[in-house]
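Take a look at this one chain, the form predicted alone, written out in structure tokens.
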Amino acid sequence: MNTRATLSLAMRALLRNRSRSLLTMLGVIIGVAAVIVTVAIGVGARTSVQQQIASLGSNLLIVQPGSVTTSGARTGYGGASTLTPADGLAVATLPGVAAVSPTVTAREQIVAGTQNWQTTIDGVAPTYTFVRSWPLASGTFFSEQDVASAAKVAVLGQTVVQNLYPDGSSPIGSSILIDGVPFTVVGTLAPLGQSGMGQDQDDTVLVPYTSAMERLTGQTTVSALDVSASSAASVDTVQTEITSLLEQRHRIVAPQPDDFQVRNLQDVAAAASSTGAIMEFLLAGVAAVSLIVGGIGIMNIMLVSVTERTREIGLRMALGARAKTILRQFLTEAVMLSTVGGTIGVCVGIVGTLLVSLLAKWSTVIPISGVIAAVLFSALVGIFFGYYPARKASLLSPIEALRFE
């Protein structure tokens, strides 16, 4: 019996009991659909986290103040006020550094006409948009001349624009008061949305860091140094060079602790990616249990089918059918059940993924490799769980099978 005849015979056998075949496939359909949906959610979550981390900047390193000890009490990170704009200029001369932006942060009430809003004021350098990969939506950014003269110019985030200019008018050229100091709006930032920690990145006003230090905070130190490495491959090297340079500038020798910390966001991205991958495999593994349950259902139904068709098997053997032909026929039926069920499950899974994305507003990504793996796994389930019933059918004695009632 050739392959075409085997497939035709298997199809007719399954169609004779349509309801039973459909119910048997239901376990595989649910299993494959569950695998598709869970993998899509896992990959989507991992991709979303990676994009959020990437949106923080181009090969970004963040230098923050460290901890100091006062009267035996340690302040924790951020307690030391030792980072200065001069440190940023020194870091910018390192060979692997593409750009540096000092950052001075304050929380202030701002006023524009009859509207007011409390937001974060970030004093930064003109290189900030490059370091953070943050383009402008309109207007211009301030220049090095504005930094040198501590100019009273500002660039607004989209959340600030919406709250200070609810009528939709352009803020470019208008004047706002920051802690009572008038600043001229020269540009607006493109929307970034929420950070990975749920913070609104658009709720900010950017001013020259010299203006923030001289006109708003009165500080002589900065809150952080945002550093962009020239390439992703050089991030670790640049991190080591920054540490060595600042230890020299701050006269820190072992065993003294550093009064700063250098954070490498690639480590955060790698950790997030690893965690996402583990969760993705965990979800897929849980969903795969449904496929195994579906496979047990296939084996059960095929054993019933062998019992029901014992006389048919005996008759075919008496007419010359070989044991391997009987084995191939029943194995084909099992594989057909699981493969068709797997294909339907893929369609159900894709629809389910779209519904999850639409209703729950979750980021989902359906990987082609996941779809192919789900269908292949369902076929393997059919082979694995269908082999025993098929083997049992092929080993029946023709005489005993013909006597079966």
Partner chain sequence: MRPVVDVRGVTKIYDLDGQSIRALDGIDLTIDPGEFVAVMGPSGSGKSTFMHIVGMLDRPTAGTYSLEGTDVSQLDGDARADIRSRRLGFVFQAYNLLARTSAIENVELPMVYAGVPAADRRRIALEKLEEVGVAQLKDHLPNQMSGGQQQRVAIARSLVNDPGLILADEPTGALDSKAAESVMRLFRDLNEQRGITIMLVTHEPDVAAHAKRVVTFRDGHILSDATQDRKAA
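Quantities reported herein were computed from a predicted structural model and do not represent experimental measurements. Numbering follows the first chain given and starts at 1. By rigid core we mean the largest C-alpha set that fits within 1.5 Å across both forms.
What comes next is about the form predicted in complex with its partner chain, which does not appear here.
Heavy atoms of every residue among 12, 320 and 398 are located within 4.5 Å of its partner chain in the predicted complex. Between the options 329, 188, 201, 223, the residue in contact with its partner chain in the predicted complex by a heavy atom within 4.5 angstroms is 329. Distance criterion of 4.5 Å from any heavy atom to its partner chain in the predicted complex singles out 325 from the list 325, 149, 219, 143. Its partner chain is not drawn, but in the predicted complex it has a heavy atom within 4.5 Å of residue 316.
Interface membership of residue 179, defined by any non-hydrogen atom within 4.5 Å of its partner chain in the predicted complex, is ruled out. With a 4.5 Å cutoff on heavy atoms, residue 249 does not count as touching its partner chain in the predicted complex; it lies far away. Its partner chain in the predicted complex comes within 4.5 Å of a heavy atom belonging to residue 311. Relative to the superposed core, residue 152 shifts its CA atom by less than 2 Å between the shown form and the other one.
The rigid-core alignment places the CA of residue 104 less than 2 Å apart between the shown form and the other one. After superposition on the rigid core, the Cα atom of residue 216 is displaced by less than 2 Å between the shown form and the other one.
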